[in-house]
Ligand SMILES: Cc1cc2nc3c(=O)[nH]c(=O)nc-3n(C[C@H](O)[C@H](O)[C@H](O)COP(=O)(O)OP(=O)(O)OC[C@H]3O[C@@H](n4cnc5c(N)ncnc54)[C@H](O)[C@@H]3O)c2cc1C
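Just one chain is shown here, as structure tokens, and it is the form predicted alone.
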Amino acid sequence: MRDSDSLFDSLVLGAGPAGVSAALRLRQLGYRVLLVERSAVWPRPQVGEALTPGVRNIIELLDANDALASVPHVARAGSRVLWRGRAPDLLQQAGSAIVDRGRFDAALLGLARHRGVELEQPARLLEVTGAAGDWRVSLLCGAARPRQVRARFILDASGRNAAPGIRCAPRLAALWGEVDQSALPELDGATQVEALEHGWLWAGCLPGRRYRLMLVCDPHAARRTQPAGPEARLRAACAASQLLRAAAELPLLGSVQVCAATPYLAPDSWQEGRMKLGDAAFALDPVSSSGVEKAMRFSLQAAVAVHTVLSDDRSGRQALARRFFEGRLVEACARHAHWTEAYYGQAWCADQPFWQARSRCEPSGDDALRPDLLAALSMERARLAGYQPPELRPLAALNPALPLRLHGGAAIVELPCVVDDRVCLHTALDHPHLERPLAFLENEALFPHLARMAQPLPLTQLLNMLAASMPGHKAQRIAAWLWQRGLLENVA
């Protein structure tokens, strides 16, 4: 084999949704990709079957609708949720589904191979030498076949870290088993979610008439209170519940499985020429059922960072790509932690230790690892905690006879943004009425137009200025949006 034949733009470790999403996106961007999967069993058993509605636009971006059309799934028409009180709420969940994760992963992998991603499976990483831009990678492939390849960039999507690095919440474990759905006709195959004093239960119908029962709890506390083993803990939780009491004594289809579920962030997710994706980079609290979606979305953002580095050798591109990558990583973890804290605080049993620990917690870890990343995570969470959505002002209160200018509390900042699949610095608007700095609205750049708004400007002139680079109806909606949220003010 010629040396040029073994040179890949990107080597991706791990063929789960995160790794394959990155591989597919990089192929779309024109790169040569090698995907390395260590498991010989495929499709492999997986947990994390729930797909939230946001997965749909990811699949569309990857042009994967046809490949996934035949994957067995169960549409989630609704859920019974016993959380805030002692009576269940009936919630609609349009657009979400539960899939056969093995078939889902296999379909994505098959699509990647069809699109030209090269696959080594089963294969094990033995050694990495060299440097960013020219990594020398030793693999041990099927039938003990050694292979040496070169890669400009390495993406690690090989799964959850043993050492979490920065913990975003107290420890969690998930225990699950499956029963025959026909044994629970009273549940109508619906998803059930219930808060208990020492954890919470999730149960849902899987393809193949299987019904999964899952307990999420503090692993140490669970072992102290119920030392008999995972199956005994799962059955005890069902027996203590209202929604799933009928499942407590049912025969299980196989043994109870256990996995770690603690939310965390890996501080070494970015290294020069290498990055981590999916569970290798971060894990979210499973209470939102959005782990697969967030892992796939972050992989697409990581592919943009890789594309920025590999396609543009100008000075500063790598630093900018890193700033974007780590910013999205921190934002994903902080926003999810903020949401889960509030959700845990709403439980009927929120006065119990399990719930109190999770309704107000700070990220923790070895400060020596990445103090800047830990500080950024804390700052983002503080910003989210302090954010109050503005009361929208009526458009009738806008006096068109008076000039407008940016509100005095507004700040103009530089923000890493994605433009044409690359990261670039873009001017953005920051204000206490915004959850995050805003560079684009309705897919239109706000700057340089708004830079002139530091000085008073008549409304007609503002609209004409915006309409010079966008349709007039968009200019009107953008001006109205900014006014209603107090980002523009009249000047008497």
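This one's a predicted model, so the numbers in the text were calculated from it and none came from an experiment. From 1 onward, residues are counted along the sequence shown.
In what follows, reference is made to the form predicted in complex with the named molecule, a form of this protein that is not presented.
**Contact test, all of 166, 270 and 378, partner the named molecule in the predicted bound form, heavy atom 4.5 Å** = Checked in the predicted bound form: no contact with the named molecule for any of the three.
**Asked** So, in the predicted bound form, is residue 42 in contact with the named molecule at a 4.5 angstroms heavy atom limit?
**Response** Output for residue 42 is yes: heavy atoms within 4.5 Å of the named molecule.
**Item:** Distance check, residue 159 to the named molecule in the predicted bound form, heavy atom within 4.5 Å
**Value:** Although the named molecule is absent here, residue 159 would touch it in the predicted bound form, with heavy atoms inside 4.5 Å.
**Asked** Quick one: does residue 260 come within 4.5 Å of the named molecule in the predicted bound form, counting heavy atoms only?
**Response** Yes - in the predicted bound form, heavy atoms of residue 260 and the named molecule come within 4.5 Å of each other.
**Message:** With a cut-off of 4.5 Å between heavy atoms, is residue 431 one of the residues that contacts the named molecule in the predicted bound form?
**Reply:** So residue 431 does not count as contacting the named molecule.
**Residue stretch of 272-280, 219-227, 411-419, 129-137 approaching the named molecule in the predicted bound form, non-hydrogen atom distance within 4.5 Å** = Flagged stretch: 272-280.
**Request:** Work out which of 177, 291, 204, 363 lies within 4.5 Å of the named molecule in the predicted bound form, going by heavy atoms.
**Result:** Looking at 177, 291, 204, 363 one by one, just 291 meets the 4.5 Å heavy-atom criterion.
**Request:** Only one of 304, 214, 108, 149 comes within 4.5 Å of the named molecule in the predicted bound form by heavy atoms, so just point that one out.
**Result:** Contact residue from the list: 214.
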